[in-house]
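Shown here is one chain on its own, the form predicted on its own, set out as structure tokens.
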């Protein structure tokens, strides 16, 4: 019995000491794998402090309840001559065990409510960014602030060879994208969240942000990064087959570096856009289309165009890919209701023309059809 009691006391002592240890070491070592990650914003810090505060209360309750039970079992056991007592109704006891939990819950609810209010205060932002979820990538539009007018798509950049276990996993496996969300340090950033297809969720735990992106609705959240760095997140809703492959990467820069990034982005957008009336050759369209296909379509329809039996149809020899061009363009632009085929109308006219041309002339498909960007523009109108 003595060894069991000692083991229990050691375990309880670990629970008591753990919060302070975790607070000191949450950025390194094994503790960082079992506790919340190091906070990188004011809201994330409030969440962490609330988490530890409630944990302390739970530990105290645990020690009080199970300590009393353990003491009673050991001290008042039958082998020492104690006999069970008969208890009767006590109004006083019932009042006590109602009032005490009430104050405990109030003690937890008050700071929790304060944190929730702070989380919802999206007023007076320095920067506003709209994030739109697509299957399976994010689209970002800078609507307010120094970077107003900047927009881009952000999708996973982990090579497919790593995902298919054909190559060693990289350091940032499934946590890397081709275009980071870039913001300045110390500025309040308001995120407007919506979706183009199914329910997604924009979640970056270190910045204290987690908000669902729902089709047809605009929801918002905010964060203010405390220091420069890379903060990684994920889509935290089960949004389909590629749910695990639409990460979020927020890059926080010093103000001077952020201004340089904004200038570079605006210079790129100021460069002459591709003329949609330009007549492209088959080789040019197929080369571009293959890249667009790899980034947007290969996950479901596979690189070889064979699809996944019983889940995603193949495009090699399909009625869509070798049928009328108009039906093919319509499918890519608008998707198919009630199926996993999402709309890709957010892609440019050139990209859609290229990927349709590629699909109609790749693998065993030999239609010879050439789809020009001008056709896509006319189809949209």
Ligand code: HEC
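Definition used throughout: the rigid core is the maximal C-alpha set that superposes within 1.5 Å between two forms. Quantities reported herein were computed from a predicted structural model and do not represent experimental measurements. Residue numbers count along the first chain shown, from 1.
The same protein has a further form, the form predicted together with this ligand, not shown here; the description that follows concerns it.
Within 4.5 Å of this ligand in the predicted bound form, a heavy atom is found for every one of 296, 315 and 319. Contact with this ligand in the predicted bound form, judged by any heavy atom within 4.5 Å, is made by just one of 341, 38, 63, 50: 341.
Comment: this ligand is not present in this chain, but in the predicted bound form one of 59, 43, 347, 70 has a heavy atom within 4.5 Å of it, namely 347. Under a 4.5 angstroms non-hydrogen atom cutoff, this ligand in the predicted bound form has residue 135 among its neighbouring residues. Although the partner is absent here, residue 331 lies within 4.5 Å of this ligand in the predicted bound form, judged by heavy atoms. This ligand is not shown here, and in the predicted bound form it never comes within 4.5 Å of any heavy atom of residue 224. This ligand in the predicted bound form is approached by residue 300, whose closest heavy atom lies within 4.5 angstroms of it. You can rule out all but one of 86-94, 305-313, 184-192, 155-163: in the predicted bound form, only 305-313 has residues with a heavy atom within 4.5 Å of this ligand. Contacts between stretch 80-112 and this ligand, counted in the predicted bound form as any heavy atom lying within 4.5 Å, involve no residue at all.
Annotation: Cα of residue 311 displaced by at least 2 Å between the shown form and the other one, core superposition.
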